[in-house]
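Just the one chain here, laid out as structure tokens, in the form predicted on its own.
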């Protein structure tokens, strides 16, 4: 029996080891937005293609992602929505027990947005009633892979020159890749500076999708 338990623990350790690198967590964060090839992931993370490929192989061996050959390209995706749940659990545990997280959050995130974020349930209810404008500030390719129904896509870099596309008299709820995605914090700060009533979603698109809420995709 002890041997069986040890064998299981060895398998758990493989997953834990795969998660034990910031670049791999970053890759999982991007794959949580939708499937991608190595080149696209390398561009998004700023890694070399060779380094990206090496990290992806570690994640694939741990069963956290899967791959599929599509023409000349290998496409990677998360192995399941439970991977998003695993990353959320890691985040929550780290927030509770690592003091450095509090320092970083207070120094960057709270400085830009100290207001209570809106929950998924409240956003669903208010968006379905037409009471808010939902703003997706991720890059276009991530938006097209999947987004909250009815969301307007204005990547952060294009936000200021397209502000006229947002109704001034309605609250804007911004979201992006997850709870610590800087894009939504920066968007909310920019919108408030221009006189808009703006808040952010408590987390991001991956958590919305993983919780079984409705999504849309383009193409």
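Positions refer to the first chain, counted from 1. Note that this is a predicted model, so its numbers are computed, not measured.
Another form, the form predicted together with a further copy of the same chain, is not on view; read the next lines as being about it.
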Would you point out which of 127-135, 92-100, 144-152, 68-76 contains residues with a non-hydrogen atom within 4.5 Å of a further copy of the same chain in the model of the complex? 92-100
May I ask you to check whether residue 82 falls inside a 4.5 Å heavy atom distance of a further copy of the same chain in the model of the complex? yes
Going by a heavy atom distance of 4.5 Å, is residue 104 a contact of a further copy of the same chain in the model of the complex? yes
Look up in the model of the complex whether residue 190 has a non-hydrogen atom within 4.5 angstroms of a further copy of the same chain, and give yes or no. no
Taking heavy atoms and a 4.5 Å cut-off, does residue 163 contact a further copy of the same chain in the model of the complex? no
7, 30 and 182: each with a heavy atom within 4.5 Å of a further copy of the same chain in the model of the complex? yes
Can you name the residues of 5-42 that have a heavy atom within 4.5 Å of a further copy of the same chain in the model of the complex? 5, 6, 7, 8, 9, 10, 11, 12, 13, 15, 16, 17, 19, 20, 21, 22, 23, 25, 26, 29, 30
